[in-house]
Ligand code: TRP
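In structure tokens, the next block holds one chain alone, the form predicted alone.
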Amino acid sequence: MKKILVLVLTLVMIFTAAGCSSSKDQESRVGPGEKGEAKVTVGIVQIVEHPSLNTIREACVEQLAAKGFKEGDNLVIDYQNAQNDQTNLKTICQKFAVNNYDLIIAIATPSAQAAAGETKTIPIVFAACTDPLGSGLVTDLDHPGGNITGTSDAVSAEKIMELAKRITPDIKTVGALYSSSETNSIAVIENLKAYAKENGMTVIDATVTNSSEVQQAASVLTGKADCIFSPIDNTVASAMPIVAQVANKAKTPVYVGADSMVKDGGLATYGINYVILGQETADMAAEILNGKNPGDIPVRTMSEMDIYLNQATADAIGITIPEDVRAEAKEIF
């Protein structure tokens, strides 16, 4: 009798455990709008703190909530900032991979490259990768394949320089300030040099490897160039107030690749809206969390471009921005 009782109790425990396991697996697939505890875990990795990347992250989190994935409800977010350190970046992405997160959102090209190097199975959505093809993230923008897709913040150096000529028509020598280790920057600088060659202009390079070198590089360029051009470069963007200080003192206009870099002291840009880019990134992430294969989602390049101006910088360097340019501006800081 005791043996039969023990057997019955054992079977009850087995079926109860199996039922709990099944219930837990069911809960782990809770989607937006369904009842259940937070089960979706997203790792967000950002290469460095600067306004453009922060805007992307904040807009992305807000849009995920709008799509039904709310932090503290059915979403857990692990946000990590690498402080522009490649070793930190690798460690962060390794942690995400080891913990087998449901999705990784990688903000900026270095973050995406680090994440892609650590996992071929966890879905990755990159944000603000200027040249996904040249960076080796995907081989086809329309059909990324694999576990990765995302949004590109590619800008046209040609259009930015056309804007520069409208504001400062006498420029002949352009100082290119960028990080030699960021493939996203190199692609834009190549675009700049092609434009310069076709328009009888000269480009002088001043490359940096970290933010501590930016001030010296900017100082060198102000003595040689009619203006400074910096693409959407994470290293330069994180030190943009210093660039502005150096350039303003020398009365040298600085044309940049991002609205945040204008807000931080650059004179002007013709660029994208990073709130929209963050929202687009979140839309793609939500599709994947709802079951879509990242490799089947085309990379999205922002088509809406706007003019951003800094009036305080114009005043500091003694430049009058033409009224027609001001009239077209999306925002004047």
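Residue positions are given as counts along the sequence shown, with the first one as 1. Predicted model, so just to flag it, every value in this text is computed and none were measured.
Keep in mind that the form predicted together with tryptophan (TRP) is missing from the display, and what follows is about it.
Please tell me whether the candidate spot formed by 229, 244 and 313 is one where all three residues come within 4.5 Å of tryptophan (TRP) in the predicted bound form (heavy atoms).
So, no: the whole triplet misses tryptophan (TRP).
Among 125, 254, 108, 177, which has any heavy atom within 4.5 Å of tryptophan (TRP) in the predicted bound form?
Here the answer is residue option 108.
Could you tell me which of 254-262, 219-227, 86-94, 190-198 sits within 4.5 Å of tryptophan (TRP) in the predicted bound form, going by non-hydrogen atoms?
Stretch 254-262 is the one.
Does tryptophan (TRP) come within 4.5 Å of any heavy atom of residue 50 in the predicted bound form?
Result yes; residue 50 sits at the interface with tryptophan (TRP) in the predicted bound form.
Should residue 237 be counted as a contact of tryptophan (TRP) in the predicted bound form, where contact means heavy atoms within 4.5 Å?
Output for residue 237 is yes: heavy atoms within 4.5 Å of tryptophan (TRP).
Hey, in the predicted bound form, is residue 274 touching tryptophan (TRP), heavy atoms inside 4.5 Å?
Flag for residue 274 set to yes.
My question is simply whether residue 56 lines the interface with tryptophan (TRP) in the predicted bound form - judged by any non-hydrogen atom within 4.5 Å.
Judged by the heavy-atom cut-off of 4.5 Å, residue 56 is in contact with tryptophan (TRP) in the predicted bound form.
Residue by residue through 115-152, tell me which have a non-hydrogen atom within 4.5 angstroms of tryptophan (TRP) in the predicted bound form.
Residues within 4.5 Å: 128, 129, 130.
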